[in-house]
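Two forms of the same protein chain are encoded below as structure tokens; each is given separately, as structure 1 and structure 2.
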Structure 1
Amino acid sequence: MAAAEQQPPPPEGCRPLSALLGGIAQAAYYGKAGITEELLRGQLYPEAAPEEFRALRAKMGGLLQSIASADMDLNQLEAFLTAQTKKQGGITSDQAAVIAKFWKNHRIKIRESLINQSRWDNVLKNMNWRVDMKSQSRHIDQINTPVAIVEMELGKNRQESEFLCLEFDEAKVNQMLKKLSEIEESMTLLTQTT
């Protein structure tokens, strides 16, 4: 009985550890400031001493950070967790299974959060377009000519968006398409492996 008390708090099933990983992810990746160490310990491991829980939380937080920063696929994750189970002071097989299941369910959301946190500038959130016919103009030769109206929503996550409305005549649309084609060619050249 004394040996069981010296180990990290034993989870009753996998729920407390899975919830701990969820709490760590909420605080680290989803910007939930209210998820504190005290809250997690009180809700998930109330019987654990603060030092024991702090060690468990630090270990799980470090593992999750390593997994997330490497954006591990399932094969990489399996190899990583196997190495962690064999390491002295590492994790148990049950803990590895919980971590693997958690990562499988949360990988995409955590990856998107990391990408959003690393962006400095606004991004294109949405774009709509339509083609209208000009019915009024200062110059009579511009009446009944088609124009493309492009509306773009720009912004960062959790911030108010800005809207940009552009109007293009046929020449400007062709010029824009030419520039976009040049961008596509440059990107293709950069991504091709030799």
Structure 2
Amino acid sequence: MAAAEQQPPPPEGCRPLSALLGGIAQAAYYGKAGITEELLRGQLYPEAAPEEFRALRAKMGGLLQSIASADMDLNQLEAFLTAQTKKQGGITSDQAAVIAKFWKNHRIKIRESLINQSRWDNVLKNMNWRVDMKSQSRHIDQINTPVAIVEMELGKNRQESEFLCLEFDEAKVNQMLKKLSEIEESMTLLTQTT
């Protein structure tokens, strides 16, 4: 991808900058390995000197980090980027536009990634269930009663899972439902007040 300097305007460094932000996001938020400075420079800004590129990458990376860390909405973003254009050694308004567009497109995905990065306990990765008829039983009165078998896949992010297999009769499912309703109630209260 040739650097924008060699092409006539539109905005200088528009496409490469967008791609640079993409590369930064891949490395920082989407967990892609092997995205080195050299790689990015070679692909996007081959005409640029290494130190020059390093400075650019650092500046863009820093801006993206500030924006992501504050989870900026559009108003905050506009104010922030405008301030950056007015700074000494800041960004151009074209660059600001590119950054704004990138954030709008990637905000949700980046936020999800940041949330995942801070989930260190077991998470529920998957859940399956079926309903069996008990054809044999320890107590005569339990013959031919339906029972739910639930399989839950638990584990920490990016680590091996444990499969928990549990049996629930109707009473236990109802017990579970009661507790889950309590959680839902609390959750509703929470989202109402925030």
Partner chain sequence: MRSARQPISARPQAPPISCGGFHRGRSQSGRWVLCGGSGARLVCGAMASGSAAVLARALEALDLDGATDKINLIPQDFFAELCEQVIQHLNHKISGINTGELCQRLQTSGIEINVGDLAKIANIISFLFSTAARNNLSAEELVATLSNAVSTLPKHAVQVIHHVWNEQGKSISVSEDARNMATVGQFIDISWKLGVAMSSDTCRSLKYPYVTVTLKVADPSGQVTNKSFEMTIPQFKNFFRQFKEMAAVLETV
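For residue numbers, the reference is structure 1: its sequence is counted from 1. Think of the rigid core as the biggest set of C-alphas that the two forms share within 1.5 Å after superposition. For clarity, every value in this text was computed on a predicted model and none was experimentally measured.
Only structure 2 of the pair represents the form predicted together with its partner chain. The Cα shift for residue 58 between the two structures, taken after rigid core superposition, is smaller than 2 angstroms. Once the cores line up, the CA of residue 115 ends up less than 2 angstroms apart between the two structures. Superposition of the larger rigid part on its C-alpha atoms leaves the smaller part rotated by 17 degrees between the two structures.
The rigid core superposition between the two structures gives a CA shift for residue 164 of 3.2 Å.
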